[in-house]
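Okay, here we've got a single chain as structure tokens, the form predicted alone, with questions on binding and movement later.
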């Protein structure tokens, strides 16, 4: 005779409200009307979990099968059962490793013989800088006007034991960088404005997981597909919009092929110093022009950081992770990131000043427009007008400490940019955060791939000078 399970012995449903998504499948499955849609919001989820009337329940178990959540409706668990949120770092416990602590190997600086200067395109100079910085892993997708840098690395990396992957998209490329960077490898990409936009989610993940990498964004005209001409309209993106969440990265703005090389080498150093992506922004013109470039006297043979998920016994216990499911832990992580950003702001402001010590009109410009601005300043000085050029080399953090020293004797700032005011916004924001009174702010702006000219800058300052001479104030 087979054993029969009575209604009293059948397990009745138990609900963890925080795991109920209020999908209603259990309501439909219950033929006795024992489960109804709830009306009270669970503050942990913002949803309304179902309500169970156990007096009406006959223990048929159909609701268990209908519920898609593993810890939604289930038989009442043992008293020690805990379905609480578990973060990946603790999910599987400590990882077995023959090493008591992660062990890294240091970078080694190798001397280079002296060479004569080379004449290189801006993107080529950056590619050479990456190789000298120890980068052997490139992932990217071709996009004008940055593709030549990738093409050069495609030719050179295989012969250096490196890896070049043309990904199926920018989205794929950034996630490949995440993997290589997480293994402690020096990795980079070349892209341009629309392609950089596609990488933002991955960049946010990398910032959250503290994965270093270098992104070279050769900015072009927008919005949308725009054109392939030079612009500086990604400044707000790289300074204020690096993906969702609390994200920042050091942003370097070269103004010559020589700086494309030098700042690319610096970018890798900063990326690994802070365990954070670093962005290099150049306009389309800078990416394509050629210039004299002197190679450094040393190159880097990179080691393996102690934090890397490298796959060997010395790094077996490491984990790269941007997921923190507990609100308290995620808040603590954001506090940690903010402290790191503060260290960057304190230590990594970089700028170049030309004739600013006594300047009454300070021209602020970066990338190629800074070259036009420098010529304008020289011409204005010959006319007896005290003009100077302040060039931010880091757009984030903005070098406000250096700019502040020139404010007291300045009649005004003239912000020159190939864009619609994004650089000026960074100047104003930095001044505000520093508690500095703004002098008169003027600007010279072009967009759509048109660069400001030297004549436009000179004419604007002559106009401002005439107003101050005529009326004493602006």
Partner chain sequence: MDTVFYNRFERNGAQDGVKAHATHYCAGCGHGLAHKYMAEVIDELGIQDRTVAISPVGCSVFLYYYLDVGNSQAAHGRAPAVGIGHKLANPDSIVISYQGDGDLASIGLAEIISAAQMGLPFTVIFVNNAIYGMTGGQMAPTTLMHQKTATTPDGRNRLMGEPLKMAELIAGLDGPVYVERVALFNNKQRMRARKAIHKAIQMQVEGRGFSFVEVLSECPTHLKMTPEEAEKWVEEQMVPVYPLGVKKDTAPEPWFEPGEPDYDVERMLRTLGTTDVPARRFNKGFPRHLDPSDVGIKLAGAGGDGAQTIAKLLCNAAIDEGFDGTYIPSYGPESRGGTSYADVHVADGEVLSPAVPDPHVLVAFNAPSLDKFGPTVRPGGIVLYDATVIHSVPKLADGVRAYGIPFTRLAAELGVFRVKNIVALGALQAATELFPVTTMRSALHRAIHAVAEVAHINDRAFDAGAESFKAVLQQELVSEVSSN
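So that the term is clear: the rigid core is the largest set of C-alpha atoms that superpose within 1.5 Å between two forms. The structure displayed is predicted, hence computed values, not measured ones. Residue numbers count along the first chain shown, from 1.
The same protein has a further form, the form predicted in complex with the partner chain, not shown here; the description that follows concerns it.
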>> Quick check on this chain: which one of 408, 68, 33, 435 has a heavy atom within 4.5 Å of the partner chain in the model of the complex?
In response: 68
> Though the partner chain is not shown, can you say which of 51, 429, 442, 29 has a heavy atom within 4.5 Å of it in the model of the complex?
Replying inline: 29
> Pick from 357 to 365, 338 to 346, 266 to 274, 228 to 236: which stretch has non-hydrogen atoms within 4.5 Å of the partner chain in the model of the complex?
Replying inline: 228 to 236
> residue 378 near the partner chain in the model of the complex, any heavy atom under 4.5 Å?
Replying inline: yes
>> At 4.5 Å between heavy atoms, is residue 115 in contact with the partner chain in the model of the complex?
In response: yes
>> So in the model of the complex, is the partner chain close enough to residue 21 to count as touching (4.5 Å, heavy atoms)?
In response: yes
>> Can you tell me whether residue 247 touches the partner chain? I mean in the model of the complex, with a 4.5 angstroms heavy atom cut-off.
In response: no
> Any chance 168, 288 and 311 all have a heavy atom within 4.5 Å of the partner chain in the model of the complex?
Replying inline: yes
> What are the residues of 283 to 304, in order along the chain, with a heavy atom within 4.5 Å of the partner chain in the model of the complex?
Replying inline: 284, 285, 288, 289, 290, 291, 292, 295, 299, 300, 301, 302
>> For residue 453, does the CA position differ by 2 Å or more between the shown form and the other one when the superposition is done on the rigid core?
In response: no
>> Taking the rigid core as the reference frame, tell me whether residue 61 has a CA displacement of 2 angstroms or more between the shown form and the other one.
In response: yes
> Can a Cα shift of no less than 2 Å be assigned to residue 23 between the shown form and the other one, given superposition on the rigid core?
Replying inline: yes
